[in-house]
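Listed next as structure tokens is one chain, alone, in the form predicted alone.
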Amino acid sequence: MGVRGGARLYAAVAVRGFRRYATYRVATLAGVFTNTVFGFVVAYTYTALWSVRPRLGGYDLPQAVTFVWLGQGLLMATALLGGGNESELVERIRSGDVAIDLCRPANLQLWWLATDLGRAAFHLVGRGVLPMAAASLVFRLAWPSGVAAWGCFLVSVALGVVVSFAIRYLVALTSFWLLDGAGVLLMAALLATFFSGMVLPLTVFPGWLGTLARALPWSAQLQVPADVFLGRHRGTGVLWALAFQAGWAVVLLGAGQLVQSVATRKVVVQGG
């Protein structure tokens, strides 16, 4: 398969992923409602906290509240609490159907990445825009200034989605050696929730814990895109932030390819 043919294939897979999730309209509306209600609860909690501790973590109150709503907007796009395609992949590995996937004239990782990008694009629009719009009617939010800032934010979100997929793909591949991947998926969701900034901005974490949290790949899913949105990275700082995300994406995707190769050999040996 040529480069152009491969690109068209994965683009078609991404479009199919988008359309697949677009069919669940009632679930999407329910998700928007849940994100919005939970966002208001957390936003008012942040308001009370920041009234006692102004500039906590280096954020003023509008920035802190905006951070909350960015978390709600990116919650499903980056699958911070799960909800991506990893559960489906785990089931295909457990049932043995993944052997069919490995016979396709396409790379297994790129196939699932394309599907996940389509899923993320839908959730970014379907469950990201409306909660932010509702929040803007009640709270004073901190918006990016200029088209370039918006562009950098969208690039950062895309890189965050890729990093999220790469982590979840690695977790799903453990099912080749485990009888049940549910426990690993749960642990991965808990780590993502804590180290992404969903609980609190990572800049609030003290000392070595904060330094470690900001260096781990989960920070690329929410903390980095949020800081880009809020303008905390300026000039070359934005490039370094995007390079941080891209670096983790390359490392984790490479690790996924390596584990996939080992798992493929395992399947071939067992099949033989």
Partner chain sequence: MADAGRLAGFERRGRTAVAIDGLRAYLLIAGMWIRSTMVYRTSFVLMAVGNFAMTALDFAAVAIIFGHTRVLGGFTLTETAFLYGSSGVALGLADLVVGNLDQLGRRVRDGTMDTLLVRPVPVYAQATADRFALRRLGRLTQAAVVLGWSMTRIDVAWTAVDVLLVPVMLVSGAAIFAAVYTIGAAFQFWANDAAEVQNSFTYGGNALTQYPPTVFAKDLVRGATFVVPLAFVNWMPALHILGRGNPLRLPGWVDFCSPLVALATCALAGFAWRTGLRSYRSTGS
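Note that the structure is predicted; figures quoted are calculated from it, not measured. Positions refer to the first chain, counted from 1.
The form predicted in complex with the partner chain exists for this protein as well; it is not shown, and the discussion that follows is about that form.
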* Do F205 and the partner chain come within 4.5 Å of each other in the predicted complex, heavy atoms counted? -> yes
* Asked: Is the gap between A99 and the partner chain in the predicted complex 4.5 Å or less for some heavy atom pair?
  -> no
* Asked: Taking 4.5 angstroms as the cut-off for heavy atoms, does V37 touch the partner chain in the predicted complex?
  -> yes
* Answer for N107 alone: is it within 4.5 Å of the partner chain in the predicted complex, judged on heavy atom distances? => no
* **in the predicted complex, the one of L154, V129, A148, L190 near the partner chain [non-hydrogen atom within 4.5 angstroms]** => L190
* Structure fact -> Exactly one listed stretch (211-219, 45-53, 232-240, 63-71) reaches within 4.5 angstroms of the partner chain in the predicted complex by non-hydrogen atoms, and it is 45-53
* Asked: Looking at the partner chain in the predicted complex, do all three of Y21, A249 and L253 come within 4.5 Å of it through at least one heavy atom?
  -> no
* Asked: In sequence order, which positions of 22-43 have a non-hydrogen atom within 4.5 Å of the partner chain in the predicted complex?
  -> Y24, V26, A27, A30, G31, F33, T34, V37, F38, V41
